[in-house]
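As a starting point, one isolated chain is supplied in structure tokens, in the form predicted on its own.
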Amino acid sequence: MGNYVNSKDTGLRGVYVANTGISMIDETAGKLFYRGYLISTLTKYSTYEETAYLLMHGKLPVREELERFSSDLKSERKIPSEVLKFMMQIPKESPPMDVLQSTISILAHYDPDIYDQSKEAHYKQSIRIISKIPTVIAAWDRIRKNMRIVEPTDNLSHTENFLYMLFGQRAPANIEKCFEVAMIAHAEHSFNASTFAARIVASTNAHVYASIVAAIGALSGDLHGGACYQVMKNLKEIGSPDKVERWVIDKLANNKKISGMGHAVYKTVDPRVKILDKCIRLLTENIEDYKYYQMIKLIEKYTRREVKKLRGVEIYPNVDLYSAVLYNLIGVDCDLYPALFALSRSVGWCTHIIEQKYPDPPLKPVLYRPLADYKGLYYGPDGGKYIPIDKRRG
């Protein structure tokens, strides 16, 4: 456990706010652990359901436990017809993350355990949310395209079923495998902005849905989950590999951030980059000239060169640079990328919410309430004297 320190105007970087047993980041070595297991090990050998069980229960399941867990997820995939009718009334140009946030809030009204504050009820709510988020995302993508909604099936895994609902048919095996790897790699990442938002709301004793709605809102920003979407927008703006170098130079010369480069925690390459890079190479092995993969490699090369030249520091790629290209290869619309992030991260959010409310060992509940260093006038512009509106000067 680190020391608690004062920190102002730094986004709480370097400040320890709570204990956790869910995941750990070795920022110097570039390693990510879920419950003590390296992410590279889990993406190689595990499945999303097994990894979700590990996160939620603190151990890898035996076969019977995994089968029961997977069955629980499958049984909660459908969303009420009334909720689907609500979604059909939403303007079709609405951003997917806004739709997801609104719909999760509506789903709270249909949860029979919504007022139960027990740990068991929170677990049940979590299972429902994790199961229904893929259904909501896939349904919205088809609604906005005037396509028939595809009902979830209980014959496919969590990630396979999502792709089936999204595309209306089974995806190729290599697509399904790479998508599952990406979902495992995004499932959890310690106290990032959206997870912290979820824990803050949970600290007020709000229910799981309220905490998840807050997390989705935090994830939607382009400095967090929206960065992946921004990467693809940048690639389309640049247009071709031969224009990357000039684009990078111009961006940095104007003090603009380059999405997909740099990380708030890692001091080296994000470990998830190597994992997704393998997936991209697998999906492009029969494509002679896939320009977007070439372009992100050039963005990485020229950004590192220019930042070193301008600022004298090293900068490394993060997961967003590679996930954007991977999702493009899978065939997902780029404005849906942040929603895919929410799909995978939902299990991490739910696990943190439960840990926040029911820490082990048990602790007295703590409401998050940081301090702010006030820099305004002590008595206001008029010395604190209230002047009637008709006598005030503009």
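Just so we're clear, the structure is a prediction, and the values are computed from it rather than from any experiment. Note that residue numbering begins at 1 and tracks the sequence as displayed.
Absent from the display: the form predicted in complex with a further copy of the same chain. The rest refers to it.
- Residue contact with a further copy of the same chain in the predicted complex: residue 206 places a heavy atom within 4.5 Å of it.
- Though the partner is left out of this view, residue 333 does not reach within 4.5 Å of a further copy of the same chain in the predicted complex, counting heavy atoms only.
- Looking at residue 56, you'd find every heavy atom of it more than 4.5 angstroms from a further copy of the same chain in the predicted complex.
- Contact check for residue 68: every heavy atom lies farther than 4.5 Å from a further copy of the same chain in the predicted complex.
- Between 168 to 176, 289 to 297, 244 to 252, 83 to 91, the stretch whose residues reach within 4.5 angstroms of a further copy of the same chain in the predicted complex through a non-hydrogen atom is 83 to 91.
- Checking 307, 143, 193, 283 against a further copy of the same chain in the predicted complex, a heavy atom within 4.5 Å turns up for just one residue: 193.
- Looking at 208 to 228, the residues that come within 4.5 Å of a further copy of the same chain in the predicted complex, counting any heavy atom, are 210, 213, 214, 217, 218, 220, 221, 222, 223, 224.
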